[in-house]
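Next up: a single chain in structure tokens, the form predicted on its own.
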């Protein structure tokens, strides 16, 4: 039986519909949820992502504003821009776009965002709360991966789950979210010895290693649910001998598809859900500020 291919776009659309209904209730109470992005410099990819964010936010009934700062902005000036947004009670979510121009410390600026407005979930306070099993704004990509998993496995309690990856904003929080859902979690990474031996023992395999094509058929047991979080732009040679650029994941999709019971594709899997999770976090931040 062929694997079920998880439709991230459909999951994201369903999420946006639910978010829109809740956002409408808040707007009727005179408290419209608001997300502000900060873009420093002229990185075109970040500017394109900001436009996409605005489109999705407005579709979900969330107000969106983009604060643009010039390339020569100093660390102190960027920090003051964040502090102004922290003080603005009409703003519920703050997201600084990466990468930042040379000379700016993006990590330090992210840590300046008020925890209640840290809708990317990358601040030390939210990550610490998540580690302690307390209510927190979780990192969007990690939360999106779990949302994709729940679309095919609603109850993951007790399931043998392997996470491949240990980054601060995906791998580690992903393991913490799974533990909070009572999954039995093994965490691996690119330096794990005998990686395939670990991954073949999994009922659920979550891959966020940041290495294109790391996981293939030799890593997956029949019937495994595979969630691929990786996203890479790679240049390949097609059947006609021409160079083509494609988006691929950490999983060799065509190899794993015949083995898995369900699998998220790249693109079209976790990615679209990540955008909706940012809106979900913004909505939650607004709801908490009015409670």
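Positions refer to the first chain, counted from 1. Small disclaimer: the values here were computed from a predicted structure and weren't measured.
The following text describes the form predicted in complex with a small molecule, which does not appear among the structures shown.
In the model of the complex, none of the heavy atoms of residue 213 sits within 4.5 Å of a heavy atom of the small molecule. In the model of the complex, the small molecule sits within 4.5 Å of a heavy atom belonging to residue 231. Proximity of residue 276 to the small molecule in the model of the complex: non-hydrogen atoms within 4.5 Å are absent; the residue sits far from the partner. Contact check for residue 190: a heavy atom falls within 4.5 Å of the small molecule in the model of the complex.
Heavy atoms within 4.5 Å of the small molecule in the model of the complex belong, among the stretches 94-102, 163-171, 177-185, 77-85, to residues of 163-171. In summary, among the residues 122, 202, 209, 146, the only one with a non-hydrogen atom within 4.5 Å of the small molecule in the model of the complex is 209. Among 109, 152, 131, 195, the residue placing a heavy atom within 4.5 Å of the small molecule in the model of the complex is 195.
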